[in-house]
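In structure tokens, one chain follows: the form predicted alone.
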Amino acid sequence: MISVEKGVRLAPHTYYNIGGLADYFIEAKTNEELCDGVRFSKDQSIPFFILGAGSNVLVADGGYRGLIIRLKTAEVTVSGEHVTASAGVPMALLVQRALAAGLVGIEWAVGIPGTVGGSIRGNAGCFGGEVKDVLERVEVYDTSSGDRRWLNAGECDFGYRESIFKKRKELIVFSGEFRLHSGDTDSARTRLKEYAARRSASQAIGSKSAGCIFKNISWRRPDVNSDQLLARFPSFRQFLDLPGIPASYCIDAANLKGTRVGHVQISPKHGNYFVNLGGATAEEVIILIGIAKDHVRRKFGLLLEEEIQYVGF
């Protein structure tokens, strides 16, 4: 039987260390406990939100009027060249377990601060790799019917930081099965060290931050006319070999690095990281997000789209 707590402060459960109280809160260490939490929310006629590692989210100062399910599932199994991991497994641990089994191809994921479930939901990526590149299938729980089933990766409608799980809220990720391959694990570990060095040099590692605030600006976005953009801003040509224009570049070009609102600052290292300097509020983050969007729109005519997820707003 799950233990339901009342009035739990959410800030300590997030990377940002920002957020008010949840009306109800549980920790789900198994998929069965997760299902129990969903049933509890239905019985109480309240919404629920599944919180993984607490990265990539901004919780409202007023908290969450419903049930927060803190996902703590932690199972990882290896079968041949396939690794299956529960939704609550940190991506860095998945990488570690894969290498321990002599499997490579997912080293890039060490740069993702979140869990398997959140990474699948957002098709997370880093260092040129994305979840969809290595995902075979996903075990899901349909809260509307109570059914559990597997979806092949091709059924998940993956796009840039998008998936079916963002569009169909009733589908919850239980686990993911990844297809990797045997390889040179020594070389893979060397790549891990290189990735760590690159992150340390360019990102606000160790700070209270939710990770990237905004999505990069895809060349394929309907509102992006690449010919007109390149004619007006030739500097964007350096990103033609990438899927899009880095949001951090646009924020930097708008001279916003180091900009501060209250206790929140745009990192002087990386323009897409907004750092809690201590005692920050969600309201301050929202104001700074608005400033960044306004300045980039006025300078480039481009709309920045949030990558972070709002909770309780």
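Note that the structure is a prediction, hence the values are computed from the model and not measured. Throughout, we count residues from 1 along the sequence that is shown.
From this point on, the text means the form predicted in complex with a small molecule, which you will not see here.
Colleague: Within 4.5 Å of the small molecule in the predicted bound form, counting heavy atoms only, one of 190-198, 109-117, 239-247, 144-152 shows up; tell me which.
Modeller: Of the options, only 109-117 has residues within 4.5 Å of the partner.
Colleague: Just give me the single entry in 280, 26, 50, 288 that has a non-hydrogen atom within 4.5 angstroms of the small molecule in the predicted bound form.
Modeller: If I apply the 4.5 Å criterion carefully, the residue I get is 50.
Colleague: So which of 95, 135, 217, 171 gets a non-hydrogen atom within 4.5 Å of the small molecule in the predicted bound form?
Modeller: None of the others qualify; the residue that does is 171.
Colleague: Run the contact test on 57, 125 and 307 with a 4.5 Å heavy atom cut-off to the small molecule in the predicted bound form and return yes or no.
Modeller: Looking in the predicted bound form, the three residues 57, 125 and 307 all sit within 4.5 Å of the small molecule (heavy atoms).
Colleague: Evaluate residue 85 for contact with the small molecule in the predicted bound form, applying a 4.5 angstroms cut-off between non-hydrogen atoms, and reply yes or no.
Modeller: No.
Colleague: Looking at the partner-bound form in the predicted bound form, is residue 210 within 4.5 Å of the small molecule by any heavy atom?
Modeller: Answer yes; at least one heavy atom of residue 210 falls within 4.5 Å of the small molecule in the predicted bound form.
Colleague: With heavy atoms only and a cut-off of 4.5 Å, decide whether residue 15 touches the small molecule in the predicted bound form.
Modeller: Although the small molecule is absent here, residue 15 would touch it in the predicted bound form, with heavy atoms inside 4.5 Å.
Colleague: In the predicted bound form, is there a heavy atom of the small molecule that lies within 4.5 Å of any heavy atom of residue 179, even though the partner is absent here?
Modeller: It does not: once the small molecule is placed as it appears in the predicted bound form, residue 179 has no heavy atom within 4.5 Å of it.
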